[in-house]
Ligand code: ADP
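Only one chain comes next, encoded as structure tokens, the form predicted on its own.
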């Protein structure tokens, strides 16, 4: 199972939108996909029409209670191969519980390991903060994708994210791969977006994903309908871009695997 944490310490960068729609795209492509909402706001949960406060059990219960297994909280979405581990405001209190646990940075990883064979992909929507909860997500992940709005302030924020990931790699998860930086909320034809994209590609090179997600009113409307853009409006440019993102991530991993075999 490839576990991809979608994270940025800055809010408003399209993090949840990317989590929801990348998970949907992977499932539509035929991959068995798990989406974990690890943000107490529960926006990824709402993104599939699931009411957070109506859930008797959520990912919070899986983390704090070893007797609550992952399958007991999973919700079937409107996409057949996509299951959701929902969240609600109770998750905001999980930090105190984690502080009392042994190996507190590895709790989520331990809870997920026995179910790895049931999924091809796990997407984790992280909260926009450097918390013990986010650390658990990065410890459990094999890869991380960093959504970044095409604004100059976002470049400054990215430095902090990269420094944080470096610490995580050294102390907790040396196998964590920074899969890529995803440029989001881009506006067609603006000089600002073009300049920021050029700076990012010049500085980070291939680490910046080829796919760019553009600002799109239908992307903003889809969560209100309780759907991903892939089912809300499959012909929309946002749906096309997220399918391209899924293809890019899948293709690149296959290419790297093939390269590894050549070396062997």
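This one's a predicted model, so the numbers in the text were calculated from it and none came from an experiment. Residue numbers count along the first chain shown, from 1.
Keep in mind the form predicted in complex with the ligand is missing from the figure; the text below concerns it.
In the predicted complex, the ligand stays beyond 4.5 Å of every heavy atom belonging to residue 25.
Using a 4.5 angstroms limit between non-hydrogen atoms, residue 214 touches the ligand in the predicted complex.
A residue is said to contact a partner when one of its heavy atoms sits within 4.5 Å of a partner heavy atom; residue 185 meets this definition for the ligand in the predicted complex. Residue contact with the ligand in the predicted complex: residue 51 places no heavy atom within 4.5 Å of it. The stretch that touches the ligand in the predicted complex, counting heavy atoms within 4.5 Å, is 219-227, out of 219-227, 55-63, 194-202, 28-36.
For the stretch 11-36, the set of residues having any non-hydrogen atom within 4.5 angstroms of the ligand in the predicted complex comprises 11, 12, 13, 14, 15, 16, 17, in sequence order.
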